[in-house]
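Given next, in structure tokens, is a single chain: the form predicted on its own.
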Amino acid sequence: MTPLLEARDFSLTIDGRPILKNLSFAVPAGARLSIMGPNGAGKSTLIKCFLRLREGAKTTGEILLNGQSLRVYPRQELARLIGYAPQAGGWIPPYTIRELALLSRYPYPDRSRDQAALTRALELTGLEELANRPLANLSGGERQKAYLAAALAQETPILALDEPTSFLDPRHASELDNLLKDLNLNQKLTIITVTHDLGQPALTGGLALVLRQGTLRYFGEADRLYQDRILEEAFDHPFVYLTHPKDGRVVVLSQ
């Protein structure tokens, strides 16, 4: 079966500096993939490469979507396949939540579904009452949910999310995790998440991809991530592994 998303010896260099080095992996349709690694490992760069947001950089190898090179996809067609929610930090777009979500509908010339897609995205993220508020007037957590709402309004089979829980308190982070789990398991969306939460793969299951200095240190089932000192080697740091008393999953603590 053809993988949904595949990297074949993919490398990326920016200003003469290697950022990603000879990455090869294949993600099947309907997967839940957690991308992990220390700061500067290339996690956010990799997820941007899936959306061709690093086209000015020098690359070798290939990234394929549905068996075809990303390069052959027109921008609008690619935007109908992959939705993206960036980190909430940095530059803030000068839009309301509603306006941002409607902008994400640009790949569809037929605008008849715009309102239905917007309503569903706001309901899923719990942002109905904040829909007309400017992004600049939101907390970091609210803004993170607004970016997710825009990605959901895009109605794509793949969601690429860069640290979607980084600005959320524990309750809202748990709610978001449950939403993503439902989208993945029940609605069969492929979800790719950059995360600094080392326990997320134990919570979500699926696949894990670990980078260190742009190289692939691990790709495979999330359950194996906590064996064979994979995290210790990637982060050059010791960890303690505990068993959650309620559900038995692995809990990772810094030693």
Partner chain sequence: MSPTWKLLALLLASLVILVLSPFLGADLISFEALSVPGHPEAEVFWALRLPRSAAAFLAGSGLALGGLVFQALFRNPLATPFTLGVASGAALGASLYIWLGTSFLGSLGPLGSALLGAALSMALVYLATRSQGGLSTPVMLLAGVIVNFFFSSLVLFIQYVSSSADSLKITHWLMGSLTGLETARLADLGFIIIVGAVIIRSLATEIDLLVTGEELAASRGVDVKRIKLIIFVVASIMVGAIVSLTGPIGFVGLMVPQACRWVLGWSHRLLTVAVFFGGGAFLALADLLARVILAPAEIPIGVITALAGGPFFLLTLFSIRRQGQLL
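Everything numeric here is computed off the predicted structure, so don't read it as measured data. Numbering follows the first chain given and starts at 1.
From this point on, the text means the form predicted in complex with its partner chain, which you will not see here.
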So if I measure heavy atom distances to its partner chain in the predicted complex, which of the stretches 179 to 187, 73 to 81, 118 to 126, 166 to 174 falls within 4.5 Å? 73 to 81
State yes only if every one of A202, A234 and V251 has a non-hydrogen atom within 4.5 Å of its partner chain in the predicted complex; otherwise state no. no
Non-hydrogen atom contact I230 with its partner chain in the predicted complex at 4.5 angstroms: no
I'd like to know whether P94 contacts its partner chain in the predicted complex, with contact meaning heavy atoms within 4.5 angstroms. yes
Partner proximity in the predicted complex: R224 to its partner chain, non-hydrogen atom cutoff 4.5 Å: no
Contact with its partner chain in the predicted complex for P107, defined as at least one heavy atom pair within 4.5 Å: yes or no? yes
Taking heavy atoms and a 4.5 Å limit, what residues of 138 to 161 are near its partner chain in the predicted complex? Y147, A150, A151, Q154
